[in-house]
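Next comes just one chain, in structure tokens: the form predicted alone.
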């Protein structure tokens, strides 16, 4: 059994439009229990997670990341319970990764996931691996409260969530995935049919005589969708070429999106143990400005660094730039071990939007209407932050 206790400190550069506080501490705890029997043919995994935030009660969470039984047969496996799975190869956007709901209150990059109940049957053949999924139940996306950051999330009332399905969050979803490799070429084809993990945010007007007041709230609307995706990676020496592309129906008109790029790794830079990787990806979404994603026609450039030392010092800096609107998002993630029991994690996020246009009667216009219509990052313009995490392994 492994366990870890985390102390999390977020420091925001300045106050936001609703929140004067700039310091947000929290605690987290997670442990992992793994057990096998029947000569390793049966396995049991249990990974609970707990988070407590001193300022934002909506960020408090008790979750089961994993609680599953796995039986391994001859060229097949059956998995049942709460699990987390990851699909995809890209760094800046995870288009095909659709099974689990993201835990945005843990990290804005979408890397952290909530556990999902599932039944998974997997076949292994010479022509690839075929996975079938039945996904009973649905996890709604979590958003911070009025006292939390980012402030934008505080205007989203998850209690007002609406569903296209009459079964609401009790609908059973389905998915399958075929994956295979030929030499250095990996490819996967997936399909998902069910409630979208990515809600559309709808505006609920209040009964005030002025229809644009700060008392208004957005609410999540969860459509029933069908999404088909392809992810592929081709490794040529120190080069890794990556592609993710999807087509989705059910959220108004059918659309398609893609992320394509490469990562070049320089091994043993200057005759040292250090490795440096340079990556570049292009992101596209056919919905354009109607896309709920921050970037839909943008360029991502980054660098990955690994010192390859006993402390396992690694760092990744990634910037996503909107050429048309001249906006960008910059994120740094770094980690290192401090002795045998501690780990330090550093995260820095910077958002730069276009300057706001002057509008008369600012007090009569809500905050989300006061920015240029072609700006996509103005909701995060006051949300630059530094995050420090100290993890203690027990």
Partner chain sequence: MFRILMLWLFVFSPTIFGENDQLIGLNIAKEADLRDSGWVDMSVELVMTLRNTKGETNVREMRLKSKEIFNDGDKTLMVFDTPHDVKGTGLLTYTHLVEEDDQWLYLPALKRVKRIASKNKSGPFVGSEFAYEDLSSQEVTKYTYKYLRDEIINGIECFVTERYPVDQYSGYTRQVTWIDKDHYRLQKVEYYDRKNKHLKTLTFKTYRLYENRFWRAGSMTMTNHLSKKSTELKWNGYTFNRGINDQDFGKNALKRIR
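Positions refer to the first chain, counted from 1. These numbers come from a predicted model, not from an experiment.
The form predicted together with its partner chain is left out here; the points below concern that form.
With the partner left out here, its partner chain still marks one of 246 to 254, 145 to 153, 88 to 96, 161 to 169 in the predicted complex; by a 4.5 Å heavy atom cut-off that stretch is 88 to 96. At the 4.5 Å threshold, heavy atoms of residue 337 reach its partner chain in the predicted complex.
In the predicted complex, its partner chain lies within 4.5 Å of some heavy atom of residue 79. In the predicted complex, none of the heavy atoms of residue 157 sits within 4.5 Å of a heavy atom of its partner chain. The shortest heavy atom separation between residue 288 and its partner chain in the predicted complex exceeds 4.5 Å. Comment: its partner chain is not present in this chain, but in the predicted complex one of 347, 63, 45, 55 has a heavy atom within 4.5 Å of it, namely 45.
Just one of 117, 72, 303, 299 comes within 4.5 Å of its partner chain in the predicted complex, counting any heavy atom, and that one is 72. The putative spot formed by 233, 265 and 309 is fully lined by its partner chain in the predicted complex; each residue has a non-hydrogen atom within 4.5 angstroms of it.
Of all the residues from 111 to 129, those having a non-hydrogen atom no more than 4.5 Å from its partner chain in the predicted complex are 111, 122, 124, 129.
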